[in-house]
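Here's a solo chain for you in structure tokens, the form predicted on its own.
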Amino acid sequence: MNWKLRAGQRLRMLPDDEETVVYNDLSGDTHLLSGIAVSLLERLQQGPANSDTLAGFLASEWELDAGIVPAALTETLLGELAALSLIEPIPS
């Protein structure tokens, strides 16, 4: 599945040591996100990508614990970001 930031979405981020406050200008909501979730958003700011590409990105950018499967982690994070209306799937 391909993903992108919601159309017209401009993210405002206030980073802290381990988490970042993200303001969704479309909904007016603020969210406290983990660093890895924010890196996924930042990757999607560069352009749409499919789940496999995003899993590869996370695996290359983060030192994941041995028991973590990048594809499963990516799907979880994408689901969470979609539920917050920060990203959306691209219909195929």
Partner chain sequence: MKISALPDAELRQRLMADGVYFRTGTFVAHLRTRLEQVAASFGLLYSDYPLLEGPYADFHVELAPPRGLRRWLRPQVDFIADGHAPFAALPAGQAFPMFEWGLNWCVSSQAQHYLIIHAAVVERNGHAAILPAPPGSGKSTLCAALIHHGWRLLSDELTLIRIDDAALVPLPRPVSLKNASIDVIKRYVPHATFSPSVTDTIKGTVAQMKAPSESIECADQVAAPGWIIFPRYEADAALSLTPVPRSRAFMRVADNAFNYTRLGAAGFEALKGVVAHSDCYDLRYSVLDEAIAAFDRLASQAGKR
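Predicted, not measured: the structure shown is a model, and the values here were computed from it. Numbering follows the first chain given and starts at 1.
Below: the form predicted in complex with its partner chain, not depicted.
Residue contact check for Thr30: one or more of its heavy atoms lie within 4.5 Å of its partner chain in the predicted bound form.
The closest heavy atom approach of Glu19 to its partner chain in the predicted bound form falls within 4.5 Å. The shortest heavy atom separation between Glu75 and its partner chain in the predicted bound form exceeds 4.5 Å. In the predicted bound form, its partner chain lies within 4.5 Å of some heavy atom of Leu14.
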